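One chain is shown next in structure tokens, namely the form predicted on its own.
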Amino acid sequence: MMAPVAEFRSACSTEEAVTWLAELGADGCVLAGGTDVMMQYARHELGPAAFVHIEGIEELAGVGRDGVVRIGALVTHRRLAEDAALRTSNPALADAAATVGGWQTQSVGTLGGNLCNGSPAADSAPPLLVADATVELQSRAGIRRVPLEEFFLGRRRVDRRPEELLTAVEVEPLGSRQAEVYLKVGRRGAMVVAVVGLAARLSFDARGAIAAARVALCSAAPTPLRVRSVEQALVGLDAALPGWQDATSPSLRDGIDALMHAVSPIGDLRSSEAYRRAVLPGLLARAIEICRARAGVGVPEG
């Protein structure tokens, strides 16, 4: 059975888009790259009266830097993966974007769409969460800002009202003696939904001990999530000491225990719950090692 025919409206400006969204309410659906929306429409999971197409709104397609990094909702995964400045300021996000589907999907799929889709497996979410991201939502009533940590409400449910358009995401760039990474487990390195994904942003002291930590996950709970209990446990771990990855390392052991308590993975066609749990400790340890190497602290001169 064919999907019901929906009206197609192509907005030329943010103001035009939010005017139409206010008029349509719950009967409207924002459309950008369409990599998720059109599949859901074809499967009858969506039945809007009208699509509000925003791909031509140039003001939503830029990346700016003024203390924070401001990424327009229409910035594509390919742009995120290839932007040289972003690979310096927010490399985990660039790495994650490079794993989202094939080059065709990356070329049209957008950051705003990836977030508004509300998938527990969104690759962009963990790197944004460890960068303390805030989403900007615009309507005719004005602008509302929501911490990304509060934006995800459940599977395919986000804190965006029908009359609102996600216009930008603001993130913190890396600071001094900080490093970050996104690691993804899948049947292949790219073009697959994550079996599980983990992002870490770590701050180190001069000798290589973790001074502060941020850790976030996807495909490990009903929503992408930041795991603060793990972050607290990792503070003080000295990744420059030999044997720090051994089970006898209290900080790592406590971090892994906290991780296991925080997650609630499901079993599905991509992976069992047991496998998702089994790979997480190794991902956490690997993320710590990569971050220490990238930060270049506590490394003996040779």
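Counting begins at 1, following the sequence as shown. Predicted model only: the values in this text are computed from it and were never measured.
Not on display, but discussed next: the form predicted together with a small molecule.
- In terms of contact with the small molecule in the model of the complex, the residue from A81, L174, A212, V108 that brings a heavy atom within 4.5 Å is V108.
- Checked against the small molecule in the model of the complex, the residues A122, V181, V130, A94 give one hit for a heavy atom within 4.5 Å, which is A122.
- Three-residue candidate spot C29, I54 and C116; every residue lies within 4.5 angstroms of the small molecule in the model of the complex by at least one non-hydrogen atom.
- Taking the partner from the other structure, the small molecule in the model of the complex has a heavy atom within 4.5 Å of a heavy atom of M39.
- The closest heavy atom approach of N90 to the small molecule in the model of the complex falls outside 4.5 Å.
- At a distance threshold of 4.5 angstroms between non-hydrogen atoms, G34 is in contact with the small molecule in the model of the complex.
- For G197, no non-hydrogen atom is located within 4.5 Å of the small molecule in the model of the complex, even though that partner is not displayed.
- Proximity to the small molecule in the model of the complex, taken as heavy atoms within 4.5 Å, picks out 108-116 from the listed stretches 141-149, 81-89, 197-205, 108-116.
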